[in-house]
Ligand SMILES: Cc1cc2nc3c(=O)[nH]c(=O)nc-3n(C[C@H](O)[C@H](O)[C@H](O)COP(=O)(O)O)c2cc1C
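Shown here is one chain on its own, the form predicted alone, set out as structure tokens.
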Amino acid sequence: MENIIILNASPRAPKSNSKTYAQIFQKYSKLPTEYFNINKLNHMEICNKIKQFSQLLFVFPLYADSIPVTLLNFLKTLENNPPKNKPVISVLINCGFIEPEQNDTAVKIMKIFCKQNGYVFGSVLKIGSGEAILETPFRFFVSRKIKKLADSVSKKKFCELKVTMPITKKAFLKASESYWINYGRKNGLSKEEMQTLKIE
């Protein structure tokens, strides 16, 4: 039977945007899904679970133009403990930049892992402005693309998708600066203090 295991590889998985994206995917998936957070203690448990699924969806944020260490460490374990029947691997990745292309390097890393370890690479959704888009009226753009991702995975018509907020880079940077200034103010920090290179 076709089914999907969704693995959240965000370092802050229980409270992450990745969790929200995974929930949207589950809502639209036509195949049965199970969701798990990856943490330092459950690598082998998840490796044993994977063998029960025909497809695997990794959901994670971009970290320093690459995959987060949470995912890197898990992939090392998976490499040494592969399931007998390997699932198709798809990826849903988000970044704080407005350009979804910023995710390309991390996607290439995942494709290389699949190629070197004998996994079929399925679909990918690259999300730009991932930290912000869920809290804006543009949320429906993301939901619509995740629905397309879920359809492509369910039907095994694999594709590469991307989405971001439909605003200019200048407008995005202005809104981002305003957000962080207000965030700093709530925590007792001025704009100048936030801009300093000094680390306490």
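These figures come from a predicted structure and were not determined experimentally. Note that residue numbering follows the sequence shown and begins at 1.
The same protein has a further form, the form predicted in complex with the ligand, not shown here; the description that follows concerns it.
Enquirer: With the cut-off set at 4.5 Å between non-hydrogen atoms, does Val91 touch the ligand in the predicted complex?
Expert: Heavy-atom contact with the ligand at 4.5 Å: absent for Val91.
Enquirer: Decide whether Leu62 counts as a contact residue for the ligand in the predicted complex under a heavy atom distance cut-off of 4.5 Å.
Expert: Result yes; Leu62 sits at the interface with the ligand in the predicted complex.
Enquirer: I'd like to check something about Pro82: if you look in the predicted complex, is any of its heavy atoms closer than or equal to 4.5 Å to a heavy atom of the ligand?
Expert: Looking in the predicted complex, residue contacts with the ligand do not include Pro82, since no heavy atom lies within 4.5 Å.
Enquirer: Is Cys95 part of the interface with the ligand in the predicted complex - any heavy atom within 4.5 Å?
Expert: Within the cut-off, so yes.
Enquirer: Exactly one residue in Glu34, Glu131, Glu45, Glu160 has a non-hydrogen atom within 4.5 Å of the ligand in the predicted complex; which is it?
Expert: After the contact test, the surviving option is Glu131.
Enquirer: Determine which one of 144-152, 50-58, 64-72, 36-44 lies within 4.5 Å of the ligand in the predicted complex, judging by heavy atom distances; exactly one does.
Expert: Result of the contact check: 64-72.
Enquirer: May I ask you to list the residues of 11-29 that have any heavy atom within 4.5 angstroms of the ligand in the predicted complex, in sequence order?
Expert: Arg12, Ser16, Asn17, Ser18 sit within 4.5 Å of the partner.
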